[in-house]
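Shown below, as structure tokens, is a lone chain in the form predicted on its own; questions about how it binds or moves come after it.
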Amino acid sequence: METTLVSDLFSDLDQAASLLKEKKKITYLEALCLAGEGIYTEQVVDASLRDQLEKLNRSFFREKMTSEDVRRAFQLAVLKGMKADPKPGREMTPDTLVLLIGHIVSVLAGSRPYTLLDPAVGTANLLTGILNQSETDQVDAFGADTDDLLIKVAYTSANLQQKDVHLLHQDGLKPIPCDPADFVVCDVPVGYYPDQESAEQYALNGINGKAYTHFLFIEQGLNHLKEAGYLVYLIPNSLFTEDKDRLFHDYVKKSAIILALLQLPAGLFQDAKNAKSIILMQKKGEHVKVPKQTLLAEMPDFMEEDKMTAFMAQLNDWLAEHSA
């Protein structure tokens, strides 16, 4: 039933976006934003397509539909748009990792209200996926990104899911106007940061003489956390080997505790050089306790059901012990 519902929702989005793409001679992603706007505002965004768009708009919101159904359907449409017009920096976080990170945040947060920040929010697929797994509706969520089209996509997705998200069209390494967060999450951009003047404001500028975007985003995340807040990032596996002078090691030792490092299955990545891990850190604070043991694990292939079940049981036990 769920698969059929998600497929039906995707079909409505895809048909509307395809009509607008051809009519207005714009990209599929731009047309998807227009299609989404028509659905959540209940208005026809192109009078010449009134009959087709009104029918699709009316059929979109279905009985028993959830925000997660909408996110998954919208994600399929975004992936189609990205495949048609591929550009560096516009990759989406794989859905399995959205669910895994959302699960980690959900267990650590429990039912208490919390503040959530993604400083490189992209399409907000990760951010809204976490919100959909939250045990509470009282989440103050923020996201920042420099890409104006991705921010429009994120805005459209959040509105269709009926999620209250504060989206900022800005460089996530510049000061972000939000209160300190309980959780900072990010599928961290990898590469070199071109704004040397801004990079010089960071302690982690100059690792191996370079301004690495991924190190700066970790520092930015820790800067925006409350005491005892959690950072949950997707990081490149090369991060620790790049830290030849142990600048990152020393910075983290002063500022936070690495609670877990989960190496992701190699099969998730087309090129081994792009392999990533999930790092879970906690910002230091008055009542923060160092765990007896850091959770270091190589995750099994997601298709290996028995091994994944055993891994999730291990992870859940560890999270329950830490969050107790």
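Numbering starts at 1 and follows the sequence shown. Bear in mind that the values here come from a model prediction, so they are computed numbers and not experimental data.
FYI, the form predicted together with ligand SAM isn't displayed, but the following is about it.
Which is the contacting stretch out of 225-233, 159-167, 130-138, 183-191, given heavy atoms within 4.5 Å of ligand SAM in the predicted complex? Of the options given, it is 183-191.
What is the one choice in 218, 124, 117, 77 with a heavy atom within 4.5 Å of ligand SAM in the predicted complex? Exactly one residue meets the criterion: 124.
Counting only non-hydrogen atoms and a 4.5 angstroms cut-off, does residue 109 reach ligand SAM in the predicted complex? Output for residue 109 is no: heavy atoms all beyond 4.5 Å of ligand SAM.
Is there a heavy atom of residue 92 no more than 4.5 Å from a heavy atom of ligand SAM in the predicted complex? Output for residue 92 is yes: heavy atoms within 4.5 Å of ligand SAM.
Within a 4.5 Å heavy atom cut-off, is residue 242 in contact with ligand SAM in the predicted complex? Result no; residue 242 lies far from ligand SAM in the predicted complex.
With the partner left out of view, is residue 150 within 4.5 angstroms of ligand SAM in the predicted complex by any non-hydrogen atom? Yes, contact at 4.5 Å.
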